[in-house]
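Heads up, the chain below is alone and in the form predicted on its own; it's given as structure tokens.
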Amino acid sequence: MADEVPVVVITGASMGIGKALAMRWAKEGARMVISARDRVELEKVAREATSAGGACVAEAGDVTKEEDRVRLIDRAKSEFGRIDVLVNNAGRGYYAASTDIDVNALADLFALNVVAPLRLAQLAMDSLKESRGMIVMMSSIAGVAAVPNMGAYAATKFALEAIAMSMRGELAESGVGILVVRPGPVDTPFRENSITTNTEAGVRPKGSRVQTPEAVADMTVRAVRSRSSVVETSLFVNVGSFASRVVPPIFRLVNQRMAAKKS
């Protein structure tokens, strides 16, 4: 990746972690093209980021639509000449018991949480190879640990992690890096904007701390700079990730107890 200030493309940038990332990179003078469906809010973020020291342009659109994806990547190339970092941050939650999952809604969720990041990476690949840049996949603790009522959302994040894992090996010789970010509970409108069926949105164990989007953004930017492969943003994520993969019997017991409490 070039030593000068990076050219960054960020999806889902009108609020939450995406907005925090734009503001964090703006402090370093980064040049950015940001995307979201809400044009009004997106343009506000672009103005704020530019005022904070960056050069930021808004390209409103829906990343599940091919024409909007193409336009976003083309805008970055035409505006700044290259792409150093692609941040696939746009996504949505889905909280429902497996027996209540609407398969059509699940297909739409995969289109946003999995297909769009993959396709954007494909479209930006030539430019990323030229810059030896980075692709950031905004995953979740749900990308490695599925709990009751989160099967649909976790399925998309497991899939995203699988793509990132394969892509990391495939692109190693090209110099393109893959960073997977796994947040836990974050203080954003994510839960309010999620699909929720006959259950509560999200999992926030008693005593767990909710991170700020700014904290996640800071960790992400530092991880991009150090070309890390994975960043787990909190102790809650560290413990959940470890338990699900290293001591699965204990994790299954926790899952059963969580399900019993919800029944």
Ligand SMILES: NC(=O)c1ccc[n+]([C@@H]2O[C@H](COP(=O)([O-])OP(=O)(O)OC[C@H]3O[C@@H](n4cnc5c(N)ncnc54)[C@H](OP(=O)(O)O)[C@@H]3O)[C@@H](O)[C@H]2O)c1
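In this text, residue numbers run from 1 along the sequence as written. What you see is a predicted model; the values in this text were computed from it and never measured.
Keep in mind the form predicted together with the named molecule is missing from the figure; the text below concerns it.
Colleague: Does residue 166 reach the named molecule in the predicted complex, with heavy atoms at most 4.5 Å apart?
Modeller: It does not: once the named molecule is placed as it appears in the predicted complex, residue 166 has no heavy atom within 4.5 Å of it.
Colleague: Classify residue 62 as contacting or not contacting the named molecule in the predicted complex by the rule of any non-hydrogen atom within 4.5 angstroms, answering yes or no.
Modeller: Residue 62: contacts the named molecule in the predicted complex.
Colleague: Considering only heavy atoms, tell me if residue 176 and the named molecule come within 4.5 Å of each other in the predicted complex.
Modeller: Judged by the heavy-atom cut-off of 4.5 Å, residue 176 is well away from the named molecule in the predicted complex.
Colleague: Under a 4.5 Å heavy atom criterion, is residue 36 part of the interface with the named molecule in the predicted complex?
Modeller: Output for residue 36 is yes: heavy atoms within 4.5 Å of the named molecule.
Colleague: Of 125-133, 176-184, 78-86, 98-106, which is the one stretch near the named molecule in the predicted complex, taking non-hydrogen atoms within 4.5 angstroms as near?
Modeller: Flagged stretch: 176-184.
Colleague: Of 147, 118, 112, 171, which residue is found within 4.5 angstroms of the named molecule in the predicted complex when only non-hydrogen atoms are counted?
Modeller: Residue within 4.5 Å of the partner: 112.
Colleague: At a 4.5 angstroms cut-off on non-hydrogen atoms, which residues of 141-157 are near the named molecule in the predicted complex? List them in order.
Modeller: Contacts from 141-157: 153, 157.
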